[in-house]
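Take a look at this single chain, the form predicted on its own, given in structure tokens.
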């Protein structure tokens, strides 16, 4: 005790009261409960029959490298406060430009020997969305989908109309030959000589590309782009451009991008179903995703997968196939890419 100071009973009582009040008003940090990341990103490059013994080391490394490059593209935008919408478009642009994936440059061939592409994009803060379907000359369909969302009164444009709109918007238009790659053409040529039913078997090896992002403002965006199903006929359109089936985003719940057998994803409104399970039943993201992908779809004999994230930066990468090209990153430093189901 300091010399000359004598604590009185009232003084001790006042001090005790101050300490007691402070214990109620001062927040107590809990290191066991990490705060949500400032931003997060999750991607996929298709789900299907992707097996270790069927993928040579060089090809596997090429996929892993491109997935990491896609993640870094998103990080560069989100880390400096860029929007989730910008990140989704940029990431999918990069994947569309790669011949590795069934989207843009690497799109598969229709039964008529053409490349026809679909894409959609959605923002979770206002539930706005845009899509294009059956396009053959737009270099980056996801960018066209974004322009439909932001520069038109519509949600989906198709074929010649979508291409004319994209050209009016100043997007890059290319000769259809741009999308022809020898790997996809060889697959088409072999399948053309077989029964059409074989196309579905081949198609399980190649998939759609997609991205979901959460930015520093707490906004979620999701996008999906695809070359569709190998040997598809009659102008077939899958789930990728269908809002609620292949793509969905809602800040209140989650953002989702899907890949797989599109007809089943449309019938089950897969992307929205995951969101609805969270909103109406209170399920957590992973539980909702697994219920739809690993139970509902499996019960119908449907194959595929989804990537998703919620407003807290939680990630879901759910699939019912042997593999799915996928990866994620968070602002807290977590980052990984995967291919096979046992990773």
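Keep in mind that what you see is a predicted model, and the values were worked out from it rather than measured. Positions refer to the first chain, counted from 1.
Just so you know, the form predicted in complex with a further copy of the same chain exists too; it's not on screen, but the next bit is about it.
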**Asked** Would 126, 237 and 243 all count as contacting a further copy of the same chain in the model of the complex, using a 4.5 Å heavy atom cut-off?
**Response** yes
**Prompt:** Is residue 173 one of the residues lying within 4.5 Å of a further copy of the same chain in the model of the complex, judged by heavy atom distances?
**Reply:** no
**Request:** Answer with yes or no whether residue 263 is in contact with a further copy of the same chain in the model of the complex, where contact means some heavy atom within 4.5 Å.
**Result:** yes
**Prompt:** Applying a 4.5 Å heavy atom distance criterion, does residue 300 contact a further copy of the same chain in the model of the complex?
**Reply:** yes
**Prompt:** How about residue 156: is it within 4.5 Å of a further copy of the same chain in the model of the complex, going by heavy atoms?
**Reply:** yes
**Complete:** Checked 67, 277, 315, 50 for heavy atoms within 4.5 Å of a further copy of the same chain in the model of the complex; positive is 277
**Request:** Heavy atom within 4.5 Å of a further copy of the same chain in the model of the complex: which of 145, 258, 122, 88 fits that? Just give me the one.
**Result:** 122
**Item:** Candidate stretches 97 to 105, 160 to 168, 67 to 75, 137 to 145, one within 4.5 Å of a further copy of the same chain in the model of the complex by heavy atom
**Value:** 160 to 168
**Prompt:** Who in 263 to 277 is close to a further copy of the same chain in the model of the complex, meaning a heavy atom within 4.5 Å?
**Reply:** 263, 266, 267, 268, 269, 272, 273, 276, 277
